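Included below are structure tokens for two forms of one protein chain, each presented in isolation as structure 1 and structure 2.
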Structure 1
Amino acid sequence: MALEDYLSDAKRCCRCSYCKWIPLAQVKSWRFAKGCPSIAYKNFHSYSAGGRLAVVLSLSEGRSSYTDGLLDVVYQCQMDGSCDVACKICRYHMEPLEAMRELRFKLVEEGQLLPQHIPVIDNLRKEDNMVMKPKAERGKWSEDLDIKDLTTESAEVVFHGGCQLGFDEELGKVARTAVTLLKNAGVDIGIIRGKEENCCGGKAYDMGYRGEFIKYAENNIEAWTRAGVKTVVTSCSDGYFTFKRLYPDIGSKFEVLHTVEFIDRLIKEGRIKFNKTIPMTVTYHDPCHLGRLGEQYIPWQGEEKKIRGQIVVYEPSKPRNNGAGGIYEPPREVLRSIPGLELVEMERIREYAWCCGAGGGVREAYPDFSYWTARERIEEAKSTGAEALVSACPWCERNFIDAVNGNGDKMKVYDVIELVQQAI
């Protein structure tokens, strides 16, 4: 779709401000009632979904032009989808997140680039990753790992490590552990080894670089098809969203699973068993791309109509992605199955979860905002009395680890897979 397709949303938005909060029925305290990090941080209406829809309308009608301030409004957003959920649940069936994506696509296509993103995208084009590292360093986590190399072999399941796990030496163990657990459980699994693995393209997509996304999607689909893959598994929530929600538009027909889904299945089948107790109280952070953005892809082609010029209807009926169908129970089921582990919940969970702060190109361009967002989530985690904050996404975990270290907090940060390994 194009930006013009969202003008009706921009005109219909009544600036009700529901996009700034979690739905009122879910509010448990004033302290943790906000849903959108951008408006909470900037405290100016333009930095909300309603404000950005006003930007869409103003630009489209020629009433405003490109400025540094406009770029700041557009890009100082994690693209986490909290506004999208609140809009659909509280009021309308509008698509503020898709409108913001199209706005970024338009800016990039017209050469209105955020300076901080340029070196990141240049590195992606040169080195095939989003973490500013040489391609040759990719995949150290899989060195000496006895696993099929799908550049020359075939397997039913491919594990995609992704950029963060592929280069982060501290978090690379998550990928290594995940693959080992699946292989030991009898799964026919392989990897695109080392530097031959490509970026998923998802973060570039969220930053507005649609062409780069299509390039990597086509490359990955071709590689998996050539290797006879039926199922794609990843421990990266950004990659999960990209493969599950975006790749089908490029022709992908693979089953897509996050590692926590697969591990949950194997535990229930008795193929993974726990022998150790972990006496710890933890709280779980729902990654945006695994939770509210992780719903099944449902293609739609139709048109918007109005009954008597007033009531908006869609023919045929349009899928209502309000976040409720995301991946919420599998990671919690895995944690509850670990002996001795106690899971306590934060106030904002599931489709109403607060973002970690790393998405949408914010960590790369606005680090202070990114870390502030992470610290807000850490404060919420601390309020539960938990000893550790657990998640299922390396981008979330890296942002939390950096925020904890930078603020002198004692909160521990784990991936679900790490606790599984400790309990075996």
Structure 2
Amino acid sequence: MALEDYLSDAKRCCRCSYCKWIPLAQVKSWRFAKGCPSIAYKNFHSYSAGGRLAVVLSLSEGRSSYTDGLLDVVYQCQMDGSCDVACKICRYHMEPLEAMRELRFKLVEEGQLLPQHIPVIDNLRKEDNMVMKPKAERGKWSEDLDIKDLTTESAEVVFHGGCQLGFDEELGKVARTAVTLLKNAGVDIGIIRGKEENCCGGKAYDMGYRGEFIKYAENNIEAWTRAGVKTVVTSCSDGYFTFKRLYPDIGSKFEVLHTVEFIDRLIKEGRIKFNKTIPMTVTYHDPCHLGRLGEQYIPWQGEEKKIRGQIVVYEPSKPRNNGAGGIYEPPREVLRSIPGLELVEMERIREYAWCCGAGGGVREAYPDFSYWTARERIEEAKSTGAEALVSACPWCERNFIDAVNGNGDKMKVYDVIELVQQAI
């Protein structure tokens, strides 16, 4: 698709502002009714999905041009898709998130680069990671781990650590625990060890660098194919989305599972058993890329047509990615199965969860905005009375940990896997 393909979406946007809120049906309070971090932080209408669609139209009609202000409008957005869910409740032919993504692709293709992203992408090209680290530091979590190395061996399942877990010393234990749990449960699993593992390319994609994404997708697909892999497992929700929703377009046929799905399966099959009680009240944060964006990939190629004069439909029928098929229950099931643990819910959950703030290149380019978004979520978590905020994505966790530390909060931050390990 190209940006031009979304011009009718832009004209069909009705300026209703639903994309600024969580689905209005789900509003439970004044405090936690907002859905879009971008408009909540910046306030100008242009910093919402509807506003950006108007910007698309304005650009296409030559009414405005590329400026720093325009780049700011486009990039102060986490690409988390809350807007997309809210819009599509009543609008069956709108794709605001896809339109915003195409706008980023177009900017990058035309050399309109956000200055803050340039060093990050340069580093990606040189060091194959999104966290501004030298490649040699990748994957310390697996250094002395007894696990198959799929650069030379083969296995049914590959565990992809990803850039955040691969370089974050505090969080690396999540990957280590996940792989160990799966291996101990008898899964034929391996990793692409150390610096040989590549970035998934998903963050670059969200930032508008489609070329980089394709390069990493092709590399990873090739490496996994060589190792005879059938299933890709990851603890990183960004990676999960990338493998599940984006890779099939590049030819990937692998089954993709997030660790929480795998662990949930193993618990239900009795292959993981808990011996300890964790007397703690926790609340669960749905990562956007696992929740509303983590739906099944359904290929579609077709075109718009009209019935009854002007009703827009598609030939063939087009799948609706509206968050309904996201991964919401497996992490909750895992948490509920841990003895002693009490799960309480925040107001904004599942398809209408508030974003952690890290996505879309925001953490890299606008740290204050990213931090503010995370703080909003921590406030919401605190309002439930929970002692800990649990998630299933290292990008969320890193953002939350930084925000908690920055504010001297007592809220603990965990990955689901860490609690599973504690309970075994």
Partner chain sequence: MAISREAYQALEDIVGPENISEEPAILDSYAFQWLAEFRQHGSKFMPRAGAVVLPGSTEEVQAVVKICIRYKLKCKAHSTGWGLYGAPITENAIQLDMRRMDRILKIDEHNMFAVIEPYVIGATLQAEAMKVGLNTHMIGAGASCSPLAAATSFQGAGPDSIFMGSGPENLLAAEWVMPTGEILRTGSLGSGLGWFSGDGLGPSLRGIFKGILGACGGLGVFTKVAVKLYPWPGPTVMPIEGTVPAYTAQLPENIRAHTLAWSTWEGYADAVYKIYNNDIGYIAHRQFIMFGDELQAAVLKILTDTTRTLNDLEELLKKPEIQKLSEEMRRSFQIVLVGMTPRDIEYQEKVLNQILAETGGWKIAAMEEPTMAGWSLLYMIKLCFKNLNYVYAGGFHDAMARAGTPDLVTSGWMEEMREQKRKFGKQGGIVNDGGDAGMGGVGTAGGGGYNAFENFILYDPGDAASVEAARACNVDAGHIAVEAGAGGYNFFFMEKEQVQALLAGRARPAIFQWQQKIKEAFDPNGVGDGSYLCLDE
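Between two forms, the rigid core is the largest collection of C-alphas that superpose within 1.5 Å. Residue positions are counted from 1 along structure 1's sequence. Please read these numbers as outputs of a predicted model, since none were measured by experiment. Residues that one form lacks are left out of the comparison.
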Completion exercise
Which block is the form predicted together with the partner chain? Structure 2
Practice task
Superpose on the rigid core, then tell me if the C-alpha of G309 is displaced by 2 angstroms or more between the two structures.
Solution key: yes
Practice task
Give me the stretches of at least three consecutive residues whose Cα atoms move by 2 Å or more between the two structures once the core is superposed.
Solution key: 90-93, 305-310
